[in-house]
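To begin, one chain is listed below as structure tokens, in the form predicted alone.
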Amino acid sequence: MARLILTPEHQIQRLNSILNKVAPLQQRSAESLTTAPPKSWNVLEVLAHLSIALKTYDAKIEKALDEVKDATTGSWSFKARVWPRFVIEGQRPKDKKRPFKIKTLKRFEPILPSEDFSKATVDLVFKEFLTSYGNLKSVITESRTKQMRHPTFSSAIGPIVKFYLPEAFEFLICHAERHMLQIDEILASQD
């Protein structure tokens, strides 16, 4: 497996792409956002899932960021370790495709009112997503001038996978990119 070098600039660029893709979805009809192909989530459920997954990392990221020291050498570049790199690559889309489906753990499943997708519900899902991923972008931006050495923290899937901040950022971005492709698939099924 090739080396994986992580930089905040690249991660911020990819987060900008995700945020720029999601923002215009708010203009779609509630029917479009709540219609799902068989055995799939709808667009709102995907966005809610991504917000839930990111929230499980908030406290861990904040604690790690508090522990890192200011850097004197400029922006960081981080070589992902073997096991985190393996997990990250399992999330990363390949050739603009999701290579395989990954079963979602129950605690990450979106729970939305299936009969009542009111404008307030739609607005809330978008607000939570755009706020949480906007905050992730801010955290990565803030981390640019820090040394990325701190105690590792366990991933949301359990203590077998432990991340440094750059690895956690990368995992979360790859996870979101994977689900952006799922949104493309959902919307394509409506045409």
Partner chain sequence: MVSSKATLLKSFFKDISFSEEQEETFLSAWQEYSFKQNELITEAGSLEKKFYVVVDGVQAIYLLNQRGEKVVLGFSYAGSPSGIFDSFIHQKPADTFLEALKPSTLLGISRSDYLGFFENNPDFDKWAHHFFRDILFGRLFREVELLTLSAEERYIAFMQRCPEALKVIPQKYLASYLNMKPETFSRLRASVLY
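Residue numbers count along the first chain shown, from 1. What you see is a predicted model; the values in this text were computed from it and never measured.
Here the subject shifts to the form predicted in complex with the partner chain, a form of this protein not shown in this document.
Contact check for 10, 13 and 137: all three have a heavy atom within 4.5 Å of the partner chain in the predicted complex. Screening 31-39, 139-147, 119-127, 61-69 for residues having heavy atoms within 4.5 Å of the partner chain in the predicted complex returns a single hit, 139-147. Taking a 4.5 Å heavy atom cutoff to the partner chain in the predicted complex, the contacting residues in 73-96 are 73, 74, 75.
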